[in-house]
Every structure is written in structure tokens, then in C-alpha cells.
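Quick setup: one chain, the form predicted alone, written in C-alpha cells, and binding and motion questions come after.
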Amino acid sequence: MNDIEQMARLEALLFVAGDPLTYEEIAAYLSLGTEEAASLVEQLKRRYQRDPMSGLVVRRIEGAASIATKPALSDTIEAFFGKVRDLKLTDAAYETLAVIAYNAPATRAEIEAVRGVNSDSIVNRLIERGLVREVGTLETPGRPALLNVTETFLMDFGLSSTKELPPVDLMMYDTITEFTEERQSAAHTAAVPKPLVIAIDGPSGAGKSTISRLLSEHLGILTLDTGAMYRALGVKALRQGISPADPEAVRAMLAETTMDIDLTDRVQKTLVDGLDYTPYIRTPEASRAASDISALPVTREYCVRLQREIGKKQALILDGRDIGTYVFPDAPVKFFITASPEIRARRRLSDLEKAGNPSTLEDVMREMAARDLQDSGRELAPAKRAEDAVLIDTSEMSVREVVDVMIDVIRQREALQPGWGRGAHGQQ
């Protein structure tokens, strides 16, 4: 089935669905891979944007997509349906929504700690209006409910994700009670907050990407997959018939290359010259090309410059092999994630099989060993553990256990660094 037919099927699916469908659901209905489904949604979105005669748009909301009418046509829609939505929320309701949106998942007690008053009745009304929902319970005495905003909230406020919310002066909900009036003195509030950078290094197969993603969801901090940047450049080199290990050819290629990182959704999109390379960077060929091209000083300089620019503007979680030693040597929180070679190889093999690239355990272990040797032996920024990085061996740990350990470390460091900011630099 060609792309035109798939696009028509996607459009029909989103039209009849009404409510947003996750990329996984779209992939299942259209018999596609999840990344292919995400790419198809992006193409449909751009098609609507280019068509001035269309009254529709594609909305992407927290890893899901739906078809909606253009906001500029709201008067026509309201003429047919009447006033589509008239929230008439009080200032207290808006304030409570903000606390939940910026600190989700949050408990009622944590909302009260921020607002200073009991907010139970307001929370109940927001749940009735479909703007807030319970997403679980906290594993503490009494098992208080955890609250988050809904897709209705995102659509009503014109957002694709809570990550698009502008930075405000709110502390992380799980540490708000640690701050006393003394620590909120004039000297403290006058300090310019610095974006929090969390560096996660380690070899491939250690679980860095998965761990970074879960940590990002818990803290509400965006994650930047630096390895995807090198993989994308390696794939471009291969497509142009350039050896990823040829420094002069790569230098010439980079001089004509524009890379952009889209962090608006849960899954990072790595755009090279305007094209999304995300679906093509998880193959063995891409891995080998990434290892070769990342060893070149010109490539490291190109990517690190971009990474540092992003890190100056907002809080970030970055995973790679030299984040804590070279890219952000002054990062206040550093981790080195590792596992036994066999465990790493089994994880990598599972990822390849899910992506439709079958291999053998022996081949994967051999490729990993070769890449580990190359990464650790390169002249510029060799892959190694930073002296101040917390070492975590994930061989016998679940992802949840690893994330819990990391959160404990971050909380301890945070208590000593009240100047950290979670939004753009200087805008908290």
C-alpha cells in the first residue's frame, strides 16, 4: 500500500474516531510501526497547513493525534452548535489547574501546599468538568490520589502537551514542603535560577533512553537524546555515499547541514535539513555510522554546540556517552548507567527484533564490544564515567527501581541547590 492510500486511511480513521488516538493505536489499525504512524500524522498535519481551502487541522496531544477544526473558524462552528465551550472558571479554579498542570501528577495536599488553602471542592469541580482526572495513587499512608490534567484541558487551552506551558514561578510539587520562609528570603529570590541539567552516561544497552524518558515524565523536564543526533548525521552520510569516518567529507557535509531538535512531543524528533530522520536511526547500520561519525572532532563540535545552546535555555535530561565529562562537565546531577555485557546485548537484541531488524545475540555482543572499544578509545571526549557521576548497575534492576534511585539522588542535590530552574533560563 502506497503513502497516498495510507494517508487517506489515516484521515478517515481520525475523522471517525473523534477523540485523540495514540500513535500505538493508529499503528495497530493501519498495520504500521509506531514511528511510521507518527511520521504519517506529521505529513497529514503539514498537508492541512499547506491547504488554505481546508478548515481542518491535526492536533497532536501527548503522543496522540486527532482531527479538529481550525480555531479561526470558531464563529462558524459556534453558529451551528451554539457556544462550544464556555468554561466560566473562577480565578481559584485557574490557579488550581495551573498547579496541577505544572506539577503533575500532584496530590490534593501538594496543591494545598502551593495555594495555601484547601482546594478539594475546586478539584472536584474540575474533575466534573473533565479538565482533571485521577491517574493513580501515591504509595504512602492513606494512598492519596494523584491528579493530572486531561486531553480536554489541552484542547481547551490550545496545547499539544503540558510541556508547551510557559515557565512560571512554581517549585516542583514533590519538594515544595522542603522550602521554608527563611529559604525564600530576599537573597534567595533575587538569585537568577539556572536550568537544571541532568547528565546520564553509559554504554549502549544499559537502558539510558528508557530511563531518561521515564525520569522526564516524572520530573516534567524534557529529555534530549544526543545519540539520535549522531545517528541521524551518520544516516545522512550513508545516504550521500560518504564514509562516516572520513573527516574532510563529513566536514563538507556538515557545512551544508541544518539540524533541529523537536521536543514538543514525548518522542524526540531529530530533523536534518527539514526531514525527520527518527524512523531510520535505530538500525545496526545507523549504529555503526553513529560510532564512526561521532568519533570525528568536527562532528562532536557541531552537535555539542547545539546541545549546549538548548541546555542554556531550558532544563534538560541528556543521555549519551560523554555528557557529564565533555558536553556539560558542570552539570549538577550526573549518572553513569551500565549493565553486564550479556544483559546489554539481550536488551539491544530485543529492540532490534521489535524494530523488524532481527540479529543474533553473538552478533550484537560483537558489535557492542567493538563500539565500546571505539567510544572509550577515541581521542576527543572518550566515553567514560565522570568522577562525580553516581554509578548505577541496572543488570538486576527494573527500570522503575533505577528511576526511583535517581529521583532520590536528585532530591538530595536539589535541597542543596535552591537556584535550579525548570524552565527557560532567567524566566522562572
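All residue numbers are counted from 1 along the displayed sequence. The model shown is predicted, which means the values in this text are computed figures rather than measured ones.
Below, we refer to the form predicted together with a small molecule, which is not included among the displayed structures.
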Heavy atom within 4.5 Å of the small molecule in the model of the complex - the one residue of L233, I323, A106, V197 that qualifies: I323
Of R125, R282, K269, R115, the one that lies within 4.5 Å of the small molecule in the model of the complex (heavy atoms): R282
Interface segment, criterion being heavy atoms within 4.5 Å of the small molecule in the model of the complex, picked from 68 to 76, 334 to 342, 117 to 125, 202 to 210: 202 to 210
Contact label in the model of the complex: H218 to the small molecule, heavy atom within 4.5 Å: no
The small molecule contact in the model of the complex: S294, any heavy atom under 4.5 Å: yes
A290 within 4.5 Å of the small molecule in the model of the complex, heavy atoms: yes
Proximity of G311 to the small molecule in the model of the complex, heavy atoms at 4.5 Å: no
